[in-house]
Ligand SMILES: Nc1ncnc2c1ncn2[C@@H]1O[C@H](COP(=O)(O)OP(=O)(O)O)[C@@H](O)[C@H]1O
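Next up: just one chain, as structure tokens, the form predicted on its own.
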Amino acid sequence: MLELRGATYRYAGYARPAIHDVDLRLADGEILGLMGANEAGKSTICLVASGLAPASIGGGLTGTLTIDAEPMAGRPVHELAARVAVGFQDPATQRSGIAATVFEEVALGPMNLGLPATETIARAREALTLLRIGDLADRDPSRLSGGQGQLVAIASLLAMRPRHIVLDEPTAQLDPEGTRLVADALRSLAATGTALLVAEHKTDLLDELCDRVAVVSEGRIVADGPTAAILGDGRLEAWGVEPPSRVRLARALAARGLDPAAAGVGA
């Protein structure tokens, strides 16, 4: 379990906090979606939930981050990394720069965990297969498209089989097929007990993927609850979040005097 309680974080050199009094609780095997307008504070919450803020980037944090009932305050970055894997929308920032092939890039994580070679190879192959990018195994990681690079970055996280994963816009550079592959992979991970926090603008993805979603506005959690209830909330657009297509379609039908349920559309 990963939990933030009363988390308020201010970046170094800034006068005001970027997030205020954030409470989030992420259970084992749960997928929690994080939504909000640009600059609402989603990325900052991801940094705090992963422990990178303030452990790696500095700044000031009040409140607590607890993982598996243990407080994370003062823990070194390498210990935090062993507990929480984190992925960002720009795959270039996550590339090691030392691997000659995609296979080696994906295998680096398990290797750094000290796993036997046979286990490392098995995990790398499994992650590549899960995302259907086995054909990239021998490619140079620096010579991939943005979408390919993002899938490789996510495969690198999957190969480590962490108990907790924090993803900030993981499908930003992916087409619908790539997005679907990532969603399938994340569901498979959650089924093994991995807890996932996923910040995304694609509400259709969160609608089908998440058990729960939370909305961030001006650095605060303004809504948190079951996915269907929150994505159907009439305040969503005022918070800078576009409702998923099923909600927009249901509202359009209702506005024309038609019954969405009769058309097989759920609001």
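Sequential numbering from 1, following the sequence displayed. Note that the coordinates shown come from a computational prediction; the quantities given were computed from them, not determined experimentally.
Not pictured, yet referred to below: the form predicted in complex with the named molecule.
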| property | result |
| --- | --- |
| Contact at A55, T64 and F88 by the named molecule in the model of the complex, all three, heavy atom at most 4.5 Å | no |
| Location of the named molecule contact in the model of the complex, chosen stretch of 23-31, 232-240, 36-44, 207-215 [non-hydrogen atom, 4.5 Å] | 36-44 |
| is_contact(A250, the named molecule) in the model of the complex, heavy atom dist at most 4.5 Å | no |
| Within 4.5 Å of the named molecule in the model of the complex: residues from 1-33 (heavy atom criterion) | Y11, Y14, A18 |
